[in-house]
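Listed next as structure tokens is one chain, alone, in the form predicted on its own.
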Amino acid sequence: MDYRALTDYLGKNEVHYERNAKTSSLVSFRIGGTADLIVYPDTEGELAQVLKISHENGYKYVVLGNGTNSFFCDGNYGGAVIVTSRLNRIYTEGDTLVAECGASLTECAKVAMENGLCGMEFLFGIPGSVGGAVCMNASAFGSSVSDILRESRVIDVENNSIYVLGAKEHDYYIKHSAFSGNKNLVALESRFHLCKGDKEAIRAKMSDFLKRRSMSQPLDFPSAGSVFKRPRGLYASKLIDEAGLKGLTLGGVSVSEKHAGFIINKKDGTAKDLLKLIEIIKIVIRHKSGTELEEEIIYME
């Protein structure tokens, strides 16, 4: 595809981009081939313009934060990957923490702690970005983003408009949100309502959560966190464990022995390996329990 309209803008405005670049380093699974174009906007205005140009010219594109719940195809992704990692500003206003879409969740928790604000401790150690967490309603240890989210400023690419989405308008329920399946709606910045607390108590809680994560999750291997959504009233990891699938390996990927809900990239895993292993797990669980597992991770092909 001819990306001239986009590359002309990127070159003229000195926005960093790469052609035919590797995608595996963009995702926590470390799985993927190449992409036609990888773009790194530095500002909200640049991100908005890149989205506008891509939409108007019919370019295939995906917006990516830290890539912690996704993986790319083994071959070439025939589109533009728009990476938000440079949009990472975090600041506080009283009891509110404000963060751009590319900001690290762990860094947000740290900034909150440093300012004596509690409520974000559960996000400490999650390797994702604010944009992804807001879109997926990230949760851990009985808390979720929806518990603390006040509002988000979003861009509607279809209508080329920027507006504020209130907490209820995010339309959260079981790993679904207003952003689900809608690539034209992109979170730019979010505001979180927190509470005043004791800095050392907050630090201790964060440390405890991190310790619990390291004990229960395979943090020493590349992965994308929980592969499947939680079935209503059940736990995917428990179903997979009870089916005896821990350790099941296909090519370079394997069901974690530590946490059955995780698939890990043990050695040079490929998207082909991962897709086959996911399908095997779904078939076995369907046969053994009658439960249809649904992927939480996103495949970009």
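Note that the structure is predicted; figures quoted are calculated from it, not measured. One rule holds for the numbers: they count along the sequence shown, beginning at 1.
We do not show the form predicted together with a small molecule, though everything after this point is about it.
Q: Would I298 count as touching the small molecule in the model of the complex under a 4.5 Å heavy atom rule?
A: Yes.
Q: Contact with the small molecule in the model of the complex for F179, defined as at least one heavy atom pair within 4.5 Å: yes or no?
A: So F179 counts as contacting the small molecule.
Q: Taking the small molecule as it sits in the model of the complex, is I240 in contact with it (heavy atom to heavy atom, 4.5 Å or less)?
A: No, no contact at 4.5 Å.
Q: With the cut-off set at 4.5 Å between non-hydrogen atoms, does Q49 touch the small molecule in the model of the complex?
A: No - in the model of the complex, heavy atoms of Q49 and the small molecule never come within 4.5 Å of each other.
Q: Given a 4.5 Å cut-off on heavy atoms, tell me which of 228-236, 30-38, 57-65, 269-277 is the interface stretch with the small molecule in the model of the complex.
A: Result of the contact check: 57-65.
Q: Under a 4.5 angstroms heavy atom criterion, identify the one residue in L117, I126, A80, C108 near the small molecule in the model of the complex.
A: Among L117, I126, A80, C108, a heavy atom within 4.5 Å of the small molecule in the model of the complex occurs only for I126.
Q: Heavy atom within 4.5 Å of the small molecule in the model of the complex: which of V164, A201, L219, C195 fits that? Just give me the one.
A: Partner contact (heavy atom, 4.5 Å) among the options: L219.
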